[in-house]
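Only one chain is included here, represented as structure tokens and corresponding to the form predicted on its own.
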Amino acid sequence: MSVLRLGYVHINVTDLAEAKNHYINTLGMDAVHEEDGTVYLKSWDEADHHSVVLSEGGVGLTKLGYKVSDADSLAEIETRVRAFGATCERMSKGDNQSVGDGLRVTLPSEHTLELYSDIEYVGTATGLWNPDPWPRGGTRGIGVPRLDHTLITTEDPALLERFLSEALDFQAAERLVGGEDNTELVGSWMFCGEQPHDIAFVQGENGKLHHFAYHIADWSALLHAGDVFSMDDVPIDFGPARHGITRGETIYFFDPSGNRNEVFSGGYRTGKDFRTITWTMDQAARGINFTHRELDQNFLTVVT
């Protein structure tokens, strides 16, 4: 059984035209399909049909999709999910544009998470034969290469961590607990491959999205992203800065509907033998914003 990575994020936006301008012209994604108030987007270095879906009407997260290695994995995951006592159902080819059969799971945090192995392959912008390092024709705006991870909120972080570990084989790279004498879990950053996190969650309201993130090359690309945000009047939450947790570099910002996005670079390598790092709440500000060692309360409380 193997969950490979975050495959897609489906969100609601209040104004589809404004949202398309943000994700296409500022972030640099490409629209690959559009119908009935929904647009499907991919980045230039992503090979699958889409990674972000925007639907007009409201704001916030509709569902997450994680790609698994093969169809047999879905059956094993279904068994584990039911043994855990969580709810799931089979989804059919056609339920999602260009996505095959899969499994739809309701997480203990009340988020909808879909698992699938089959999705239409469309290829990257640079191809597989003697590829250039980036599209020769250039990119728009930031030119984000790929989706990276997401962070959601849950009333019971310990329960969600146990579910993701037992049902989906995720491991915790880093955990945030109350203190050295208080092991109550406040947040967890979990991986399924070798990234520092593929999904993370902190204590908060069930069913909410804190942010989803794009991976970009390095600190220089992050500063370039900051320049583009200024040119396009994109609201910044915080950054450029370095995280203590994950050791990544970051800028958080908002789309026109108020959904929080992130551009993320750096971080370290994990794997099956990685030993979990623990942070305590008295060091949480350094953990999240290592550069400035302080946090705006809105960063902790604004979710969609």
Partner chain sequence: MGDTPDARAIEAPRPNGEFQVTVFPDRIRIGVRADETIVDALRRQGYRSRYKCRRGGCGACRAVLVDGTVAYRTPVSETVVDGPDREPGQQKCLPCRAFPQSDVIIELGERDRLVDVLAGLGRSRERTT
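Positions refer to the first chain, counted from 1. What you are looking at is a predicted structure, and each value in this text was computed from that prediction instead of being measured.
Absent from the display: the form predicted together with its partner chain. The rest refers to it.
- Using a 4.5 angstroms heavy atom cutoff to its partner chain in the model of the complex, none of 69, 76 and 165 count as contacting.
- Taking non-hydrogen atoms only, residue 15 approaches its partner chain to within 4.5 angstroms in the model of the complex.
- With a 4.5 Å cutoff on heavy atoms, residue 233 counts as touching its partner chain in the model of the complex.
- For the chain shown alone, residue 302 is a contact residue for its partner chain in the model of the complex, at least one non-hydrogen atom being within 4.5 angstroms.
- For the chain shown alone, residue 239 is not a contact residue for its partner chain in the model of the complex, no non-hydrogen atom being within 4.5 angstroms.
- Note on contacts: among 257, 270, 43, 261, the single residue with a heavy atom within 4.5 Å of its partner chain in the model of the complex is 257.
- Proximity to its partner chain in the model of the complex, defined as a heavy atom within 4.5 Å, holds among 47, 277, 31, 59 only for 59.
- Residues with any non-hydrogen atom within 4.5 angstroms of its partner chain in the model of the complex fall in just one of 248 to 256, 35 to 43, 61 to 69, 261 to 269: 248 to 256.
- Contacts of stretch 271 to 304 with its partner chain in the model of the complex, defined by any heavy atom lying within 4.5 Å, are made by 296, 297, 298, 302, 304, listed in sequence order.
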